[in-house]
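Listed next as structure tokens is one chain, alone, in the form predicted alone.
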């Protein structure tokens, strides 16, 4: 079969690779119909999460058709159209039983690196390096999904592939970002990042009761899409001082909750960003915490900062004093896909959320490397490139 593989830092190529097979009783094999690129993939491609090996298959946000099931699979059958959460979870450990699926004890078969980096190993993630289990990813014609009964969900009739694919990752990540804010109704929520996750976080905040949502980015086309599609307010950080603007928009108080949906390669303008980028390039810090710093400084006293952008290691100049003295609540983590996906599928089917507009650039698998280039450089108004491995 054909698959889009990592060939070294900044290099991708489509290769012929062996088709996946059932390895365990609870495995399923899925014929991939749509597989979206994701901003967190760029961290792998660009070498900021140094656990990739040449030939690793990328991709973790996907949907498709079940073509084979292990003998222990009971909820799914061959022919089912499914969306699959990117986080692998066993469904039976203490973390899974308490719906903290991204912390599963049993789904990362290569936990040593994660334990050294983070103290404990979280769950495995499909297509997300050997620190997350070494699983092959979804930018391929077929993919093996461990614990298929737990991680794959039947798609409602009538929901297009290029819409439901985002229920795999962008939607549950965004929803968890808003869920972390513990909204009661009437709040002001600021969201850093107008990509797929940021826009889904903004929509989730609206549905959970926020009175106002303010989205922060620098790309006019993304901000325009967020304003047009979601009715949110926007700030262009390339033109406006974010902290000053948020104070003015909230009568000096600051947002009740701040959602960071950017991650370790966050961008900004000015000398602090240049300092962060230089330190990251020299590997004197692994991540650029620009957006996290702003969120902490912007949040009102006693507010919440929710971090769902991906971070992997160490950062410099973290405003711990501001977080402590303002009594902020900090919540963060990889998304608990299996907790949110069934509810999100219901909301898509009911028309409450329409993520299909995120799929601005549908492409064939053979054009995957170019698709990532368009996505990374944010060319042509790209929100997400969605690859179609079955396309001719």
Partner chain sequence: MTSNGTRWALTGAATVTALGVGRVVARRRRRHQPEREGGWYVVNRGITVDRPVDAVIGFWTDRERLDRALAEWATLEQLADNRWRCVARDPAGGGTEWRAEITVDGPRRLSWRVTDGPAQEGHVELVPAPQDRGTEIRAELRWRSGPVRRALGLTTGSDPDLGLRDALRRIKSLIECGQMIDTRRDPSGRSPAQEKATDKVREKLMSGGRA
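Numbering follows the first chain given and starts at 1. For clarity, every value in this text was computed on a predicted model and none was experimentally measured.
Omitted from view is the form predicted together with the partner chain, to which the following refers.
Proximity to the partner chain in the predicted complex, defined as a heavy atom within 4.5 Å, singles out one entry of 317, 253, 75, 120, which is 120. Comment: the partner chain is not present in this chain, but in the predicted complex one of 166, 175, 135, 192 has a heavy atom within 4.5 Å of it, namely 135. Though the partner is left out of this view, residue 208 does not reach within 4.5 Å of the partner chain in the predicted complex, counting heavy atoms only. Although the partner is absent here, residue 184 lies well away from the partner chain in the predicted complex, with no heavy atom inside 4.5 Å.
Though the partner is left out of this view, residue 382 does not reach within 4.5 Å of the partner chain in the predicted complex, counting heavy atoms only.
Contact between residue 9 and the partner chain in the predicted complex is not found at the 4.5 Å heavy atom cutoff. The chain is drawn here without the partner chain; in the predicted complex, the stretch among 31-39, 53-61, 341-349, 320-328 whose residues come within 4.5 Å of it by any heavy atom is 53-61.
Contact annotation for the candidate site: 18, 26 and 111 all lie close to the partner chain in the predicted complex (heavy atom within 4.5 Å).
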